[in-house]
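For reference, the chain that follows is the form predicted alone, supplied as structure tokens.
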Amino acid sequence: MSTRLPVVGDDPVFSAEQPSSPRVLERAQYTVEVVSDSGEGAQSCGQILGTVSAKMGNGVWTVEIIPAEVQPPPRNPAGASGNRVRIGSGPVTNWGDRTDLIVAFNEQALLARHRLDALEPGAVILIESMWQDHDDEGIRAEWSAAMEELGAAGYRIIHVPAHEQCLALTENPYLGKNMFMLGILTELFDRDTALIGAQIRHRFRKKDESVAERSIDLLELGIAWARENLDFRVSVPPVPGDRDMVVMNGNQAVALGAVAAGMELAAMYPITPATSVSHQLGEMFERFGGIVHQAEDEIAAAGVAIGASYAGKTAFTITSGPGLALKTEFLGLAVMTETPLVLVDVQRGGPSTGLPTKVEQSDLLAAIFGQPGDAPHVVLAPATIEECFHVMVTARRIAETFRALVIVLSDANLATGVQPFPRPELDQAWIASAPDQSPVPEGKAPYAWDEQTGLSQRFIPGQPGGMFTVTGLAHDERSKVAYTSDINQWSSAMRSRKIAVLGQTLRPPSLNGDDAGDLLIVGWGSTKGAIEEAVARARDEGLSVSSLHLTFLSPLEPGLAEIFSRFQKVMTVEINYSDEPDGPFVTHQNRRRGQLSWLLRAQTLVDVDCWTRVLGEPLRPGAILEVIRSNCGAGGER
């Protein structure tokens, strides 16, 4: 047995001396991070751990830690790259509060996470030890300073000679160290080595077979090192369910949902964090009759999707915030021509190019109101990775039934996070039926709006008797350009009426908690898991708080004003910016509020408050719990 490596800090749970058998820490949930410089594979290490844990029956939620630059300088805290994996014996719906154990490939990436308050007090740190004896005196000094700062924080720090160990199997440990560290985690959490090996082979399936085999050798080396040197293990027992599960991230779920919905064309221009939807489609779409079109820019991508839809295909386009702005004029064209179109916006931080790799929910008002003129359309927001799959079916059906633009607002938290969910039972009714190409009755107009619903028949090019000239200009029922006031008023009313009809088909949202009380938290999108966990903790403390989560944002789900009236205070929790109510020069009248808060105040005339943060990371349930504690029993504006 090898000599124990240095341990810094005092931990009341784990002994610093190696016992004859490792101490096993039983946990219902446990959070792990793997961080490195960009390009060293920490993300792959965490993704494989999360995916295999989910396949073993654990609840899992993963969050990628991605630097904004493609290749930031090495050993720079701002360039930390990696993955956080929260593993549970039951369902896991968010990334939690802080990390219990972190694997770091250098001390600078580790410092970045420490300074962001990402680590639990007393967290276990497994740190690559090569830097303490580095040839560069400056690096040695950085190491010493970091160890002093981290040691003072009370963490348990375990030095891991990963570079030295990996040299036995590879000339370049920088390209294999992640598999060695994955081996350590495999042993610590008693992960299924066969599943780990299969996942490694799948990840490297497009490379030479030797890459996967060397990776598995490095994995086994890490397992052996952990057995020899670590005095603890972590047990988070999986709880097998009675349903088959699938494991994927939100972008993969969007892609598979598009296939399940019978969509036939995806047009896009690469943009973070939306691009991997097209990567997933690129591997499979053709097998289902679909086409992935990479356009020369965002504007062209929208035009291609609209053109395909006009021709009778079921088409959608994929983007993020900057691309949504560029597509604006074409989205107005889809509304004016009443051409069915689905747009998936994977939100990121803004404005402009903003925070390309960080999560925000700042596109809501742009998605609803961003088009010039009156352009009524539908906006949906999935809240879970499972909903990312099903929302594509819903969006496709609404777009084609109502001849409407439907915007789906996902975000970076959903896009890259991995979670298991029940395998969908496919339904033939999800798939778009072939367009009606029977002869058009003589005299039938392409925009013969039904006065009650605003709906009209969709004509397909080549349909006998269906020839007409399509235009983005104001037009009458025959699609003839018309600028008269009465026609413009009537056509505007018909385009709007369709959205009102859709709204009448929706059900009021369900409440999480009691039907009435001191405080109601309202959320949308990927914040659902964190909000509901915080509400559950607060209710366990005896606080009178409930929550509801909105999927339909335009039109809004019905009954909100009546629901709000049953609570002393209503507030939104969102990942976008709002002024603090006591900020300099901020008044109750001029305060900039969270985007959903703004929308709800306008629609319900209720004084809806808000708590928002734009930290570039998902919300933590502990932070929301503090907000609940400070607002329960406080009616009106804070």
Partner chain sequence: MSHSVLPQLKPRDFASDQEVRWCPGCGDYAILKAIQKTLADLEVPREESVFISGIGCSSRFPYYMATYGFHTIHGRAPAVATGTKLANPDLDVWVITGDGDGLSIGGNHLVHALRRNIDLNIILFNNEIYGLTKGQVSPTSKRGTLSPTTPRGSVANPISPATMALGVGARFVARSVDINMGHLVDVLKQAHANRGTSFVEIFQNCIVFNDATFADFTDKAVAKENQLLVEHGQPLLFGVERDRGLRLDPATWTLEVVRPGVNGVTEADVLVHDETNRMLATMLAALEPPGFPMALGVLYRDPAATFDHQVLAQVEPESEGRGLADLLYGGRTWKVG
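Here the structure is a predicted model, which means the values were calculated and not measured. Residue numbers count along the first chain shown, from 1.
Missing here is the form predicted together with the partner chain; even so, the following discussion is about that form.
Where does the partner chain sit in the predicted complex: which of 101 to 109, 461 to 469, 206 to 214, 405 to 413, heavy atoms within 4.5 Å?
Stretch 461 to 469 is the one.
Give me the residue from R140, R566, R227, R423 that has a heavy atom within 4.5 Å of the partner chain in the predicted complex.
Selected option: R423.
Which of K444, K313, R539, H163 has a heavy atom within 4.5 Å of the partner chain in the predicted complex?
Partner contact (heavy atom, 4.5 Å) among the options: K313.
According to a 4.5 angstroms non-hydrogen atom cut-off, is I184 in contact with the partner chain in the predicted complex?
I184: no contact with the partner chain in the predicted complex.
Verify the contact flag for G154: yes if a non-hydrogen atom of it lies within 4.5 Å of a non-hydrogen atom of the partner chain in the predicted complex, no if not.
No, G154 sits far enough from the partner chain in the predicted complex that none of its heavy atoms falls within 4.5 Å.
Taking the shortest heavy atom distance, is H293 within 4.5 Å of the partner chain in the predicted complex?
So H293 counts as contacting the partner chain.
Going by a heavy atom distance of 4.5 Å, is Q428 a contact of the partner chain in the predicted complex?
Flag for Q428 set to yes.
Is it the case in the predicted complex that P322, R348 and L511 each bring at least one heavy atom within 4.5 Å of the partner chain?
Spot residues vs the partner chain: no contact at all.
Can you list, in sequence order, the residues from 230 to 257 that come within 4.5 Å of the partner chain in the predicted complex, counting heavy atoms only?
In sequence order, V239, P240, G241, D242, R243, D244, M245, V246, V247, M248, Q252, L256 come within 4.5 Å of the partner.
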